[in-house]
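Just so you know, structure 1 and structure 2 below are the same protein chain in two forms, each on its own as structure tokens.
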Structure 1
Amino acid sequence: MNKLFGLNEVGKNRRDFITAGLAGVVLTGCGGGAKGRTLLAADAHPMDYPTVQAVVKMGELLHSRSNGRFDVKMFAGGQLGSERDTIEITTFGGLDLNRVPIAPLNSVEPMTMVASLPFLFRSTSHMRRALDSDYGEEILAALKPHGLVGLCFYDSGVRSFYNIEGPINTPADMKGMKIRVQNSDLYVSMIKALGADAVPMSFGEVYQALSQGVIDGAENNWPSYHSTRHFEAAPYYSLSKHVMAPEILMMSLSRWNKLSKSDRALVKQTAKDSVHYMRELWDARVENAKSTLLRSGAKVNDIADLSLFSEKMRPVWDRYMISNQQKALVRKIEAMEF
């Protein structure tokens, strides 16, 4: 994983420091004992966020169904560093469980890029049904050669564009706009295909960049648009619904291999069972954000013809869907009834 993430000496030292601290947690908890085991989990989101609460729920289910043999200790709010840090720590066994967005895994495993494709999913129900099926399992299974076991998918919302200038109804309205994106080649290509200028930027810098006119817009889901107060600087929210890329809960393969076959099945099932709880929390959060934003004066518009946007994505898909396995999975997901 060092090669994939390009860790320098500072990064390696930070990794080793974190891992030493986690080892202490295990030794002072129930980890390693004959009667039980504490699974250590990380998430960059705060404790009240739906993904964090879902892993906490998984821990409760695991504790109950194992008759107290397993617990989960959650390190939320980025306590263990960036998602790049925690992915590597999970890979070599310093963490048991880790929740990350799918985008950082795109450079690690090309199959994860399928679920990141713009305009692949036609609705939230389409996305959920696809990822809950064997198609989702195919993506999760592709992580194993990288030292990771994919357990389940969590929602990351429906992403749409917002900006400081006015409503977006066609790609022509985006021409020349500077749009912030995640640090992802795929999403940079998406913005360029729509005629705008992509500006990769850390999430924490977006509000100031919008306020100062460094960028003209960005893209995100309803709750993030609300909680960051980006709507104050960029009040025009256009429902492009261009990406529904999920989050992934994964486990260290080295830790997984130390479990019995029955305990592996238990961990996998409790992870799957936490998904419904996560989605309930997420859906409530989305509805609250929507109503609050509308009361706060955000200027929200539906886009009448999303095909004007999606038809520009075919060259982007062709650029990143290279393998026969990727292409076959995309065709299957597109053909799904939902």
Structure 2
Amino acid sequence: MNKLFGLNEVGKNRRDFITAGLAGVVLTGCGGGAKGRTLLAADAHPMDYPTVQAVVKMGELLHSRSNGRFDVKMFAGGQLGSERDTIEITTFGGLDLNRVPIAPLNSVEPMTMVASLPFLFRSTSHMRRALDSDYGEEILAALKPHGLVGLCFYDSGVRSFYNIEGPINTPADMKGMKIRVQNSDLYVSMIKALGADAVPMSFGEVYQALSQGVIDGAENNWPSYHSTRHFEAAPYYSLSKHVMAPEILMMSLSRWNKLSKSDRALVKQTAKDSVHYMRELWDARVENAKSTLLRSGAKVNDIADLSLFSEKMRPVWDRYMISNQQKALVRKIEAMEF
């Protein structure tokens, strides 16, 4: 069916099931009643994760700023399916709000690949300033033709590799390793460029795949490495810091189109305001995850020469930065102070 996402039969059935269930939530008047002023939101993370808490906070702000006309009902913990599935559900309006990482949007809109490039952002402040600026808005706006309204970016920190075998210090240490990646061709290419085998897989399947030795490793930020308990099966966390790709909070275009002009501005502003809150939670969560992981026996190593990784991954930039719009945006982000 959908060429972009290519859901298999299981995925399609799950999508139809979820959509029917969500329609039930709206029609039975959960909060907003049949007019659906309760915005249904999805997130793959558990309730206490910063991305989830930020959207919950956004719901509270929206509720008070709209004098009770809007609120948000959060379906956390991946209960509505994989991120690929929920993105598709959002595009046809089965979900109002969805917080996803940028990687699975790479196959939907090439401009999202810009912020997914390895070693593009050189510091947290560089990443935040770029995404808070018109450059970030340009990426968010590119989602619109796909039925998605990008509201804001949330932090996702720095992603590094973890595996079951031993510390990684150079790309040679990864040779032949099966590394799980998010569903994105760009990510597949990044791993291949290092000489490892890339295994695209949805987030919820990684723990089992690591435990059963179906894969040797994966990559993620400190909080996700910790909250998923992937460290139990893959205790070697090597700080390759290869990508700072952000999270995106988006709204379905069909819901957006039903809002008045002033309500659109309210939703956009409230989402933006939730970013500050998210970042406070995020910074604390990173520190907490680091110290808990170190106490729990994770074997963390710094990598002395990150250029060994960045040089091998660099050809990925040329392969995926094809359009003039992508190239121009990359140049502008690179030219920023960091």
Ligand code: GTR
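Quantities reported herein were computed from a predicted structural model and do not represent experimental measurements. What we label the rigid core is the largest C-alpha set whose atoms superpose within 1.5 Å from one form to the other. When a residue number appears, read it as a position in the sequence of structure 1, where counting begins at 1.
Problem - Which of the two shown is the form predicted in complex with the ligand - result: Pick structure 2; the other is not the form predicted in complex with the ligand.
Problem - C-alpha of M278 moved at least 2 Å between structure 1 and structure 2 on rigid core - result: No, the C-alpha moves less than 2 Å.
Problem - H63: Cα shift of 2 Å or greater between structure 1 and structure 2 (core-aligned) - result: False for H63: its C-alpha shift is below 2 Å.
Problem - C-alpha of M47 moved at least 2 Å between structure 1 and structure 2 on rigid core - result: No; that C-alpha moves by less than 2 Å between structure 1 and structure 2.
Handout entry: Core superposition result - C-alpha of Q182, shift between structure 1 and structure 2, Å
Key = Comparing between structure 1 and structure 2 after core fitting, Q182 shifts 3.2 Å at its C-alpha.
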